[in-house]
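One chain follows as structure tokens, the form predicted on its own.
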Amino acid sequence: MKSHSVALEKGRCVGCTACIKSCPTQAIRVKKRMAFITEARCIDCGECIRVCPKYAKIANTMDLEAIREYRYPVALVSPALYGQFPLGTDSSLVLSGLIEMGFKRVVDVAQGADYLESIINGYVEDHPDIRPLISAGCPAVSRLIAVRFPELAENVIPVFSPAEIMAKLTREKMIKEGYPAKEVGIFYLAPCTAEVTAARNPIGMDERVIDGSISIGDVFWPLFNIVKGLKVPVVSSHFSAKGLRWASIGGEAKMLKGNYSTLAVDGLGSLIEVLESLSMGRLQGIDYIEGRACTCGCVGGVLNVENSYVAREIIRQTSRRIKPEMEMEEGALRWQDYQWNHSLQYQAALLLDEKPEVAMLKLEAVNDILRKLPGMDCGACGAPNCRALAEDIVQDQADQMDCIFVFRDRVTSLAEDMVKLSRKLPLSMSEDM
């Protein structure tokens, strides 16, 4: 991982351990009243940002001033952005507001979702031997699989996201129109930290197609105030109900054509349960899994401002008022033209050791230590559970005394030994002690 979008604001952290329980890859530890993030394990899901009571976890994104570095900045507009505005807000006015803020061109990522329909249907049809196929639409899910479920890597559909599709098409179009390539900067208005990281360090691709990401939360209120004062739009939105529904859980799964069985799962807890069942061979009869790390889908991203359920309803009602499908300028896209350069790469962050024989010895040591721990999974030691602490001990990153129960028992034992020793000593020596 070259660059993460989740960072720690050390001055705010009080070592409360609220974050360690929420991390799906156990990437966070608390030592000396300070949280530490293991970068190799972090998938940038943003759950630690969501739960931190002191706002010590922050999103590392670009600010709006970054667009000034390009003569022709372009805004990639996530469909989740429309869910942040009051119901009935004209999407064209939202896009026009972005022009007022300094963007030279605005592009709907929802249109990329419309294009993706032909891509994913083509891939599903061409790979009947892989079931279930797992969507790569949520980068946090892809990274979760790379870190925690590498055996499922071949099930992930290795194609561009809607934002990446639109970035590629927009750049190519502008270059054909005569815009100098170096003066075109494409910025994604991102709903979550995982999308920010994916723009910087794209999954499955050697080169990025997006130049930067700006948080929806950072841009929303200035944009909201501009939109309130606009009467006539200067640009128009281009997307269908299908593309807009991509922002909510289930929107992608509904794009599959044919007699396929689909499963849409949101929220990391539920998603991990499904992936565990799939990994153990218990999940049968499913052809396609749409997984989203955030509750309700992209509208639940940690960089949004509106409640995820409210935003989902705004998207649902808005989609009922617009055309269900779009006649696309590009026509049907082939998945082969939008596939990754390489397959999903396994991240060996959870291994005890790269050498199998050493890993087995360490695993035995972990189990021995685990039997000596209380099994309370309280988190007071700074690790998310007792097993994680045992692994840290084996890796020389912690000590059994970090467990408050083991420490208490040791102190109690020492106190009892001192009492016994004092009783055995001559009276004069015990008085001196």
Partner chain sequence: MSAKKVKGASLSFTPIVNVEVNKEDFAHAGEGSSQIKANLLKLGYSPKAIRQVAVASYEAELNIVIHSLGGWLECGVRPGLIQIVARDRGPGIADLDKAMEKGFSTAPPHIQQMGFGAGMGLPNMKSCCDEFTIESKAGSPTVITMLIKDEG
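Positions refer to the first chain, counted from 1. This is a predicted model, so every value here is computed, not measured.
The protein also exists as the form predicted in complex with its partner chain; that form is not presented, and the subsequent description refers to it.
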In the predicted complex, the residue from 39, 63, 399, 364 that sits within 4.5 Å of its partner chain by heavy atoms
364
Of 178, 285, 281, 258, the one that lies within 4.5 Å of its partner chain in the predicted complex (heavy atoms):
281
Heavy atoms within 4.5 Å of its partner chain in the predicted complex: which of the stretches 97-105, 151-159, 305-313, 237-245 has them?
151-159
Consider residue 296 of the chain shown here, and say whether it contacts its partner chain in the predicted complex, taking contact as heavy atoms within 4.5 Å.
no
Its partner chain contact at residue 346 in the predicted complex, heavy atom, 4.5 Å:
yes
In the predicted complex, is there a heavy atom of its partner chain that lies within 4.5 Å of any heavy atom of residue 47, even though the partner is absent here?
no
Is residue 265 near its partner chain? Define near as a heavy atom within 4.5 Å, in the predicted complex.
no
Is it true that 75, 186 and 218 each have at least one non-hydrogen atom within 4.5 Å of its partner chain in the predicted complex?
no
Checked 378-393 against its partner chain in the predicted complex; residues with a heavy atom within 4.5 Å, sequence order, are 387, 391
